[in-house]
Structure formats: C-alpha cells, structure tokens
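Read the single chain below, which is given as structure tokens and is the form predicted alone.
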Amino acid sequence: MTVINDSPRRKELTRQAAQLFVQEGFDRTTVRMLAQEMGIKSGSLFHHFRDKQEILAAVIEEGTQNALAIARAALAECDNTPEARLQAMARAHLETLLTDRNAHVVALYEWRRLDPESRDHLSHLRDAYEALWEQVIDAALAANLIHGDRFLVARFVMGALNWTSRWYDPAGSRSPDDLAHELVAMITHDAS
C-alpha cells in the first residue's frame, strides 16, 4: 500500500488537506470541507483518494518521507562528530517543521486517527526516522557528550523540538540554527 503518488495535483490536494486538518482537526473535517478547500466537487475528491482516511495517510506519509529525506541529507553533509550530528538532526527536525509544518503537525496529533492498515503501513517510516535519532543519540552517549537513558533522551529532545510547532515564529529574531544550537547546548551542558 503506497498512499503517495507522483501526481502534482494529488500532492497539492494533500498539502491543502494537511492545512485543513491542522485548522479543524481530522474528526471535524468533512469531505465537503476538503473538497471546498481544494476547489473541487465532493465527488471529484474520490477521483484522487479512496476516502478521508486515505487523505490522512497521504498527508502523514508525504510529511514523514520529507522529514526522512531532510534528516538523511543533513547527516550526510555534516561532520561525523557526535556533536555535529546531534546539531544536524536538531536543525533538520526544525527545517521539517518550517518547510512542511502542516504535515508534521498532522502526523504528531492525528496519528491515532489512522486506521490499523494505514498505521501498519506508515509505521516503518516513523520507525526509520526515530532510528536516525537513536543512532545520533547513541553516538553522543558513547562519547559522553550527553548522559541519560537513550529512550528518554530521544523522547525529551523530539518532544521539545516538536513543541516548537506551537510557539516558534519564523519571522522572529531566532533562526532554526539558533534554536538547534541552543537545544544542543542545553542537553550537553555539564555532561562531561
């Protein structure tokens, strides 16, 4: 089951659906609302998607694939030190929030709304993203850059980064690089 396809129209519809899911929530968003937002008739929506559940899965799949691509590219381009890799992952996560905020927020808050088939299909993407974080955190732990339980460190770090979707203003005085640097400084402070 691959929910994403390469149709530019479908990708645009998926982005519009993500915005509506963020504004209204998945449960309150109706097919009629989706069609109106997308500028098509309700029946035309089913030319692109089987049902509302498939739209949700497409939003989450596209957003998670984008997050994976951004994170992998950041890790490939940075120095291979634990601190540089930690910084790169934090910056990549923030970049995901900036470039694909709606899809990311939908994945965070509406994952539980996925049907079991979609959840099973998309779990490998979520797991792959979390595995990147775990590798980076393991290396930082092994280098004594940070201390703690890997599971808890990963959850705390990702939770803090995810919460920026609620308060961060891209037009404000702090850049994503500033935020990533500050996070790494906080979790590595007094670690040695």
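Remember, it's a predicted structure, so these values are computed and weren't measured experimentally. Between two forms, the rigid core is the largest collection of C-alphas that superpose within 1.5 Å. Counting begins at 1, following the sequence as shown.
The discussion below concerns the form predicted together with a further copy of the same chain, not included here.
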Please pick out the stretch from 60-68, 145-153, 43-51, 30-38 that is in contact with a further copy of the same chain in the model of the complex, where contact means heavy atoms within 4.5 Å.
145-153
Partner contact for A160 in the model of the complex: a further copy of the same chain, 4.5 angstroms, heavy atom:
yes
Considering only heavy atoms, tell me if D177 and a further copy of the same chain come within 4.5 Å of each other in the model of the complex.
no
If we define contact as a non-hydrogen atom of the residue within 4.5 angstroms of the partner, is R101 a contact of a further copy of the same chain in the model of the complex?
no
Residue-level question: is H121 within 4.5 Å of a further copy of the same chain in the model of the complex, judged on heavy atoms?
no
Please determine whether each residue of Q23, R113 and L183 possesses a non-hydrogen atom within 4.5 angstroms of a further copy of the same chain in the model of the complex.
yes
Would you say whether A76 is displaced between this form and the one not shown, judging by a C-alpha shift of 2 Å or more on the superposed rigid core?
no
